[in-house]
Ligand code: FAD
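Only one chain comes next, encoded as structure tokens, the form predicted alone.
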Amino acid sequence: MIKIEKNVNLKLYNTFGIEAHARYFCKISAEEQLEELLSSEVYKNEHHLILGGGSNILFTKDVEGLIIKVDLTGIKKQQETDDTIDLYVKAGEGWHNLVLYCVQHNLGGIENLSLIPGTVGAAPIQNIGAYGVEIKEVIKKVEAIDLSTGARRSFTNAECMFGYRESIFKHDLKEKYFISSVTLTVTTKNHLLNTSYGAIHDTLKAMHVIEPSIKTISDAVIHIRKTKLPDPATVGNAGSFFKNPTITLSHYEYLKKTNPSIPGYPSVNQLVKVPAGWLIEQCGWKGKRMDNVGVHAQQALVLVNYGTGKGNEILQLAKNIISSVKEKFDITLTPEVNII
């Protein structure tokens, strides 16, 4: 039996800690509950929004429709080969819980994605990534339920149409499917360890690690993230607010003439990826506070709520940052966070 609540405060359901209210709110902890919800009058008459861990969303107003909170949990081992195994994971499972499960069982492939907030079901929507790894590299399939018909569908990796922080679920099929589970293929041996991106190599060296393992890489990433990023339980935030932009090689070379230290990483089609945090910092935003909101002092890519900030204050801050980066570098930043 489903329970549909009214006028629910969403402050505890978003990591920004923004106070906004949902006209209707329903938690789904079993697929049968979703079937029941889809036949309800509330669902038929109200606009809906699916909510995972609330770590990639900014509420700028109350939600007049229905919030569907994903609470399905569970991890199961499935098909196994000589050096890989498939993990069937329910959509409401915490992403970092899954990473810790893999570390504990010496399963490789997602250790670089340690401590990323949010749920497993939200991970393919965003194609989450960090330190040289993206989730698209390990996803085998995504199982989902059509919200208009209730029919179940399995999406292959190719059908998910993954891109940089992109997928078919973020655009063409946005809010049309309820992701119920994700199947990942991870390694049981002969792991391909990635220690070349960002500060991982230096952190492992400081940890006196000579031969990296799944656990030591995970430990290093956790250490880096805890050092650079604020804990949402202490300071409201949604992690990286902007995507790292890609620009043409000629644009990058032009900027390098006046900004010799500008970092850049080769991307596809001869494009160059430039760290958004560096651009924001060069515009003087790092550590800047505007009343109840601001830019984190340790990582300019993170916008924070100091406790009583409103969603519109965060949004205005983001717009100001976009404007100044555009003016200084002729680069347009794009928010990674979903703005409601």
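All of these numbers come straight from a predicted model, not from anything done at the bench. Just count from 1 along the sequence shown to find any residue number.
We do not show the form predicted in complex with the ligand, though everything after this point is about it.
Among heavy atoms of R225, some come within 4.5 Å of the ligand in the predicted bound form.
Among residues of the shown chain, Y177 is one whose heavy atoms approach the ligand to within 4.5 Å in the predicted bound form. In the predicted bound form, the ligand sits within 4.5 Å of a heavy atom belonging to N237. Although the partner is absent here, T119 lies within 4.5 Å of the ligand in the predicted bound form, judged by heavy atoms. I50 is the sole member of V272, I50, V63, L37 with a non-hydrogen atom lying within 4.5 angstroms of the ligand in the predicted bound form. For the ligand in the predicted bound form, the listed stretch (125-133, 98-106, 148-156, 203-211) containing residues with heavy atoms inside 4.5 Å is 125-133.
Site residues T246, P266 and K326 are none of them in contact with the ligand in the predicted bound form, judged by any heavy atom within 4.5 Å. Residues of 311-335 are not found to place any heavy atom within 4.5 Å of the ligand in the predicted bound form.
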